[in-house]
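What follows is one chain in structure tokens, specifically the form predicted alone.
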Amino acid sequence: MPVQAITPEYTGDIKDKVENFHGNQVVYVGWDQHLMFPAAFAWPVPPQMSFGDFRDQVMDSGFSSHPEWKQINWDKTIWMLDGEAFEPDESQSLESLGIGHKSLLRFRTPGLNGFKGMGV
């Protein structure tokens, strides 16, 4: 959501623009119904990284502490990209899939509803 200054003459230096990430882009990822992680993770990653590597290496580094992580059936996972339904191809790059700087990926894992089914 863009922020508007109270006064029209205000100008600020945007610190999180993609040019400040040395060839990387920030991608946010949240796991629905798993509030052990109350907010989306944010990772700086190269846009050329394959979705499969992002999921298996980068996402694993944040979400693997959850007891259900190893039980995920990736073929049945439901994905959203920036609020729209999304079907990733693990061989394609993040960039080619339309995952851009500050994109938000959310995923649901049918049958896995958080620790002991409690959404945690």
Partner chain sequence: MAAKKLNLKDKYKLLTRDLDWEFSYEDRKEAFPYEEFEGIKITDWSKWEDPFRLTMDAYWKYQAEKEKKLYAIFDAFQQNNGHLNVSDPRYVNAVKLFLTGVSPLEYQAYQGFAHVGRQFGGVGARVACQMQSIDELRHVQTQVHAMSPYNKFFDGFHDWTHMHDRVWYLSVPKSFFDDARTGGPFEFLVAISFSFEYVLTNLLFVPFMSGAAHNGDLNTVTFGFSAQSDEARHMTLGLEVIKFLLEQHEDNVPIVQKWIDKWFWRGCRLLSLVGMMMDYMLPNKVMSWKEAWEVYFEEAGGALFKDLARYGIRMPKYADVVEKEKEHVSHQAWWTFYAYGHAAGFHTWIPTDKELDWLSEKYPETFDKYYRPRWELAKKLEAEGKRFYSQALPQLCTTCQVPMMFTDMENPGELSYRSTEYKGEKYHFCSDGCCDIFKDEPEKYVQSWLPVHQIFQGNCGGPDVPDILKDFYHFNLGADNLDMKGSPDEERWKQWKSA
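Please read these numbers as outputs of a predicted model, since none were measured by experiment. Residue numbers count along the first chain shown, from 1.
Unshown form predicted together with the partner chain; subsequent notes refer to it.
Legend entry - Distance check, Asn20 to the partner chain in the predicted complex, heavy atom within 4.5 Å: Yes.
Legend entry - Non-hydrogen atom contact Met36 with the partner chain in the predicted complex at 4.5 angstroms: Heavy-atom contact with the partner chain at 4.5 Å: present for Met36.
Inset, instruction - May I ask you to check whether Trp69 falls inside a 4.5 Å heavy atom distance of the partner chain in the predicted complex? - result: No, Trp69 stays farther than 4.5 Å from the partner chain in the predicted complex.
Inset, instruction - Report whether the minimum heavy atom distance between Asp53 and the partner chain in the predicted complex is within 4.5 Å. - result: No.
Inset, instruction - Scan 102 to 120 and note down the residues that get a heavy atom within 4.5 Å of the partner chain in the predicted complex; none is a fine answer too. - result: Residues within 4.5 Å: Lys102, Ser103, Leu104, Arg106, Arg108, Phe115, Lys116, Met118, Val120.
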